[in-house]
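Taking the form predicted on its own, here's one chain by itself in structure tokens.
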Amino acid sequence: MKRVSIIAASLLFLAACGSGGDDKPGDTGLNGAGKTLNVLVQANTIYPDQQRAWFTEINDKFKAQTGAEVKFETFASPNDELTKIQTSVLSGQGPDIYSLGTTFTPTAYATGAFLELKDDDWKKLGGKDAFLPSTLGISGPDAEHQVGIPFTSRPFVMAYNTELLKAAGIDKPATSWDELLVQAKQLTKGDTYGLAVAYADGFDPWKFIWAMSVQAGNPLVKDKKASLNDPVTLKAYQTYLGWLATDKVVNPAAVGWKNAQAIADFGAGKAAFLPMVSATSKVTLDKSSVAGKYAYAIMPTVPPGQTSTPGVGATSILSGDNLVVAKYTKNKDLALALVKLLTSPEQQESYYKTFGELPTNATAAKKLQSDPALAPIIDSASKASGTPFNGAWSQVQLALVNVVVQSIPALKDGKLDEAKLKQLIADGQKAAQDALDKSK
């Protein structure tokens, strides 16, 4: 079993000290009167008002069911997410339930401080077969050791403006990154750009680098060895940063954009392509000026500088959110009951309609299969690839993002400093390898 040495020394002891007895059942099931479950989730910057309303809705429904209250708190970035995990786990107190991005699940598992789900636990959630099998792919290192309960599925695709492509005589979006650049240049005219990209988003940039790298045959991590300094990964950074700095196919303002701003720009008809976006964008775009004038396609799978795919033809990371229950919780059964509510067909369907997050519940997901607009997204989900299940991956991910973060000052001046980029990648390689060396 993997452990992260920098935080693992006292985790199990502290977690055990923080744990308590299960909830006592009342006449109608669990009796949570006077109790509060604390839940940590990512702040939704695209739909903040809807998220606050959802917090209230869930609290009201769970209180009606059990008598217990639900208090939500949010994190704003991957750094916040990692810090919260480490702080809470080391202190043996904090949220009862965490909603974590799938790529952070290995880190949660490595701490040994989250509930490893047994058959009885899965039964309380409705059984494993209540979930789409693919969404269980990164719940743990194998089927017998799982901590993550699938909450949302978020395969990435590329949105495109059908009217702009048609006017330019382009039949369909490119299947290679090089050809996408050719199309983006053709579609960049005046104040309309070929691509809308969120360079300042804390979650998006590394996914581009990961995709281009694995497609070119570099997994970034293999056998506890980092390979961020591989030439194909340098090419990935040059391609991604070059869209703005040298190719000029992205609005210069995008250097400061978060994901929501990139979606808004595309929704205003100011960009032809919106790559690395999920079904969450659909709620916004269907109410925007491009409603009925856009479609989704899987993202390019041929890496930059190549005419075929020598590596893995991944269209997306195996993406979404998992719910994990802290071992230190004093209300394990209540926590599982809340997770069951959140993953029920009714709640999953409602959550999709509000936020555009695809269900992990098999029954709810089946209802969406007939929606033609979602066909490319479902196709992408089938071709998605998981990131390495290593406790240090979250820090590798942050190292990948940091290269982009540190490149922002030059990008603001419309420049791509090759020497500086290589040094930043070297620094990222060292940070990633140090993290891997400290993991077990």
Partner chain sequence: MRTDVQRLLPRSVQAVVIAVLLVFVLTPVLYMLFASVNDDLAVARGAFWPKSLHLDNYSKIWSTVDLGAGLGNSVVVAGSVAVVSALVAVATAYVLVRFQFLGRGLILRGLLALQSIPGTLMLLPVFVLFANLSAVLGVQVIGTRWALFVTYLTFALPFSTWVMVTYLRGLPAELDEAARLDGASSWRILRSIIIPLSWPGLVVASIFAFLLGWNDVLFASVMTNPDSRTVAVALQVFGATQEGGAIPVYGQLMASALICALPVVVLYLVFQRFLVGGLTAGGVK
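No experiment lies behind these values; they were computed from the predicted model shown. Numbering follows the first chain given and starts at 1.
Omitted here: the form predicted together with the partner chain. The next part is about that form.
key: Contact at R52, A260 and A264 by the partner chain in the predicted complex, all three, heavy atom at most 4.5 Å   = All of them do, each having a heavy atom within 4.5 Å of the partner.
query = Do A143 and the partner chain share at least one heavy atom pair within 4.5 Å in the predicted complex?
reply = Contact check for A143: no, nothing within 4.5 Å of the partner chain in the predicted complex.
ask   = Should P48 be counted as a contact of the partner chain in the predicted complex, where contact means heavy atoms within 4.5 Å?
value = Yes, P48 is a contact residue.
inquiry  = in the predicted complex, is there a heavy atom of the partner chain that lies within 4.5 Å of any heavy atom of E357, even though the partner is absent here?
reply    = Yes, contact at 4.5 Å.
message = Quick check on L90: any heavy atom within 4.5 Å of the partner chain in the predicted complex?
response = Residue-level check for L90: yes, a contact with the partner chain.
ask   = Looking at K185, K340, K128, K270, which has any heavy atom no more than 4.5 Å from the partner chain in the predicted complex?
value = Checking each option against the partner chain in the predicted complex, the one that comes within 4.5 Å is K270.
key: Sole residue of A43, A375, A33, A64 within 4.5 Å of the partner chain in the predicted complex, by heavy atom   = By the 4.5 Å heavy-atom cutoff, the listed residue in contact is A43.
query = Out of the stretches listed (272-280, 302-310, 366-374, 210-218), which one is close to the partner chain in the predicted complex, meaning heavy atoms within 4.5 Å?
reply = So the stretch in question is 272-280.
ask   = Counting only heavy atoms, which residues in 148-176 are within 4.5 Å of the partner chain in the predicted complex?
value = Result: R154, F156.
ask   = Knowing the Cα distance between V283 and N79 changes 3 Å or more in the predicted complex, does it shrink or grow relative to here?
value = Distance between the C-alphas of V283 and N79: shorter in the predicted complex, by 3 Å or more.
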